[in-house]
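Taking the form predicted on its own, here's one chain by itself in structure tokens.
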């Protein structure tokens, strides 16, 4: 992969200032102060909120505590979506800190998966990585790794260790020199305006004539509504990690540098904010 280590580092260390507040109907023994945290964009809510849970449990009776879940402006937050994706999709036009409400009761079974332990997060994360490598290398790279390499990827994410993670992950970002990129690009496109959870299709990084496909090419093919017509006004923002990459950016470069740790490009298409 082309070595833009600063980009990888900036993506990894992206943080979102967040204020957690206990839901007003939760029963407490004394007032619950809000809890502030810098959330890592590349991680998962249930992986980085142990301190939040402990903070609010201090003011509650044990019998009133069941599984924790989070909500933003009425929308339950899916723990199996990376934090940066949740923010870009639901809150990118709001002011910081991001205000998240904490619940211990009335788990929304229809909207959220249960997260009984860190093992559930690890299983989800590794399953995404394997799916991404099936698209990129027919699973050859991930299958040739040893169990300890898989563990190192997970521990690197869990413990926020950039070098530990990338020592292994860089192997998943390589491809044979005679090819100009991966077999297919692992991506998911999310929109708040549809019921469909996301768009995911097979898309090659290189066209039949050898030209590199761009982000614009991908959107025109799989999500044309995201593109602004030449004579029209801009209706949408296309965001990855809180930025709007230029549509001319080669997809292969984006996949190598702006994928989340699960090796997918998680792309949010959100309505253009009206100031």
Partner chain sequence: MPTSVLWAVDLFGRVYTLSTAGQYWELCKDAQMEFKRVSAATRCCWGIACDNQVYLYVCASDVPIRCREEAYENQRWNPMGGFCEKLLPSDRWPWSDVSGLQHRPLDGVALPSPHWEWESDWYVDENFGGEPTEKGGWTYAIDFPATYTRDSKWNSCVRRRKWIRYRRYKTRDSWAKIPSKDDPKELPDPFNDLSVGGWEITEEPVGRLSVWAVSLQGKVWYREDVSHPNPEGSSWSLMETPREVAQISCGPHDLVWATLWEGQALVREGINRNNPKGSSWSIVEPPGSENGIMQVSVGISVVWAVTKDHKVWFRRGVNSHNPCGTSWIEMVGEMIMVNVGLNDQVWGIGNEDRTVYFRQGVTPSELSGKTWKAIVMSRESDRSYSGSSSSLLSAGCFFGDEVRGSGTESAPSDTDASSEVERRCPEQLLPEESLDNSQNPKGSSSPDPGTGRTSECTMENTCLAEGKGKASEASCLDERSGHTSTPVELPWTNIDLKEPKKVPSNSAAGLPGTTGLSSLGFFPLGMEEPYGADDHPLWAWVSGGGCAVEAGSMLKWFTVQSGLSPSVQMLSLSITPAQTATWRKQIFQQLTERTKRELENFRHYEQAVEQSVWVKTGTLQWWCDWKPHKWVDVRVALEQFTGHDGARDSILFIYYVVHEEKKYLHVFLNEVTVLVPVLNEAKHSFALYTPERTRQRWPVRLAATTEQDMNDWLALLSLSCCESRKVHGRPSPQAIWSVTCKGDIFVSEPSPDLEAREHLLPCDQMFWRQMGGHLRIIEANSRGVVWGIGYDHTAWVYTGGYGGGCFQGLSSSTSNIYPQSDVKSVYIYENQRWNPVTGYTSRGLPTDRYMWSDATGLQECTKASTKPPSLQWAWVSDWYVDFSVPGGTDQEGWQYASDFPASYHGYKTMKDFVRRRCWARKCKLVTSGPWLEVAPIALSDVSIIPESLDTEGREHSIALWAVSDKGDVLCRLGISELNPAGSSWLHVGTDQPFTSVSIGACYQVWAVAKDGSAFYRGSVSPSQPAGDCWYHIPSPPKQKLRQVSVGQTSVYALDENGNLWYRAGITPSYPQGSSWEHVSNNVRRVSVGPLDQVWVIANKVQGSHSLSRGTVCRRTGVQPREPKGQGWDYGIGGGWDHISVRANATMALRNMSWEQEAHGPGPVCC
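Numbering follows the first chain given and starts at 1. Keep in mind that this is a model prediction, so the values were computed, not measured.
Below, we turn to the form predicted in complex with its partner chain, even though it does not appear here.
*Asks:* With a cut-off of 4.5 Å between heavy atoms, is residue 37 one of the residues that contacts its partner chain in the model of the complex?
*Replies:* Yes, contact at 4.5 Å.
*Asks:* For residue 211, is any heavy atom within 4.5 Å of its partner chain in the model of the complex, or not?
*Replies:* Judged by the heavy-atom cut-off of 4.5 Å, residue 211 is in contact with its partner chain in the model of the complex.
*Asks:* Answer with yes or no whether residue 249 is in contact with its partner chain in the model of the complex, where contact means some heavy atom within 4.5 Å.
*Replies:* The answer is yes: residue 249 has a heavy atom within 4.5 Å of its partner chain.
*Asks:* Could you confirm whether residue 216 comes within 4.5 Å of its partner chain in the model of the complex, counting heavy atoms only?
*Replies:* Taking the distances in the model of the complex, the answer for residue 216 is no, it never comes within 4.5 Å of its partner chain.
*Asks:* At 4.5 Å by heavy atoms, is each residue in 76, 172 and 188 next to its partner chain in the model of the complex?
*Replies:* So, no: the whole triplet misses its partner chain.
*Asks:* Exactly one stretch in 48 to 56, 65 to 73, 25 to 33, 223 to 231 has heavy atoms within 4.5 Å of its partner chain in the model of the complex; which is it?
*Replies:* Within 4.5 Å of the partner lies stretch 48 to 56.
*Asks:* So its partner chain isn't shown here. In the model of the complex, which residue out of 123, 202, 96, 113 has a non-hydrogen atom within 4.5 Å of it?
*Replies:* Spelling it out, the residue with a heavy atom inside the cut-off is 96.
*Asks:* Taking its partner chain in the model of the complex, which residues of 182 to 200 have any heavy atom within 4.5 Å of it?
*Replies:* Counting only heavy atoms within 4.5 Å of its partner chain in the model of the complex, no residue of 182 to 200 makes contact.
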